[in-house]
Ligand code: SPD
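Presented below, as structure tokens, is a lone chain in the form predicted on its own.
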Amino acid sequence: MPDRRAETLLRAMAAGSIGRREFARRALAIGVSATTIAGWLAACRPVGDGLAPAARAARDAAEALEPLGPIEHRLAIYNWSDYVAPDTIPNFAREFGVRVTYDVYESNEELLAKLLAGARGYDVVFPSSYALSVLVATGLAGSLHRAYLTNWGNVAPLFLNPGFDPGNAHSVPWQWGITGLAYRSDKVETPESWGVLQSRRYAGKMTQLDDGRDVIGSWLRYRGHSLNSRDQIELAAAKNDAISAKRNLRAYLSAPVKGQLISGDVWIAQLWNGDATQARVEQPAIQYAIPREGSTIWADNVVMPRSAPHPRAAHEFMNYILRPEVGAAISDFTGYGTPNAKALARMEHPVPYPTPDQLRRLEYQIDLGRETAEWDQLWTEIKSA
């Protein structure tokens, strides 16, 4: 359950004494996670900046048809660190005669905090799905002007019309990934189930991500449930399974585990497929498996804030990264998958799209509404057990 400060903010928003944007800003300031904020905003209607869903959709559709005028000579980008090829920005700037400023952040919370605090200088940002939900719910995400995205047809159907942004009204797919098991094929057999993490055979040689949604989600899938479950009995079982596996884990560790896989200190790691691809370049024995019970598929996105000062330059940049050769270079550098179908064949280290069988075992994480706070508490209890 939310603490007293969060409850006060929720009541204030429900009473109309503060707006959704101010609610999100204050909630971040007191340490509420972005996933929780997204859930609370999704559970509270109306959406957006006070508009009913139909009115908001009509406004966005009208905005998307407005002409943007000539390209501006500046572009301000706010992206994750190490998340674009070294020559992407210089090549764009040279071709279009645009001066680019490039700032970086390390978490969705950092991105949201800056935008919710009133930063108005950025033209494109790169939120994950739940952070995009917050930007849409608070009216901060601008509408895409599809007429300027002539390369839109290069996007693979798999990444069109996501649940977190129906019709891609606000987002261009950027990079995608899967959460599964990276493993040293010279040390262990292919891990076919999340249950391998409960095996004492590899105790001290395994890790799970330092991410509550991924850890709890893996144990929900292990029991045949949705990784977005809100069922109390299913969540209690996932908690017990997670604690049982914890005694075998070396640590809860995210991206830094790559080095330990390469060195051989870790043999099996719950990890994102892009990080496994990066690690395999240095150590070919690192392979990747999606457990038979299923797991998470996710996507990051390019979004133009509603306040973007250079909207035409923003759209030219989004159209530029949809070129096959540009998309391939970006994903080769990051190690993650490209949602650009024509870019895939050009990649030096391609990350293949999920097969139909794999897709049947994959789910996107969705907003959990008010239950998100309970998930946060569950994760705290697992880590402290």
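Note that the structure is predicted; figures quoted are calculated from it, not measured. Note that residue numbering follows the sequence shown and begins at 1.
The next section is about a form of this same protein that is not shown, the form predicted in complex with spermidine (SPD).
Though the partner is left out of this view, Tyr336 does reach within 4.5 Å of spermidine (SPD) in the predicted bound form, counting heavy atoms only. Spermidine (SPD) is not drawn, but in the predicted bound form it has no heavy atom within 4.5 Å of Trp194.
When spermidine (SPD) is considered in the predicted bound form, Tyr83 lines it closely, a heavy atom lying within 4.5 Å. Contact check for Asn168: every heavy atom lies farther than 4.5 Å from spermidine (SPD) in the predicted bound form. Segments offered: 219-227, 311-319, 295-303, 153-161. Contacting spermidine (SPD) in the predicted bound form at heavy atom distances within 4.5 Å is 295-303.
Exactly one listed residue, out of Ser143, Thr277, Ser128, Gln198, brings a non-hydrogen atom to within 4.5 Å of spermidine (SPD) in the predicted bound form: Ser128. Comment: spermidine (SPD) is not present in this chain, but in the predicted bound form one of Glu72, Glu109, Asp241, Asp214 has a heavy atom within 4.5 Å of it, namely Asp214. Using a 4.5 Å heavy atom cutoff, none of Ser185, Leu253 and Trp267 lies near spermidine (SPD) in the predicted bound form.
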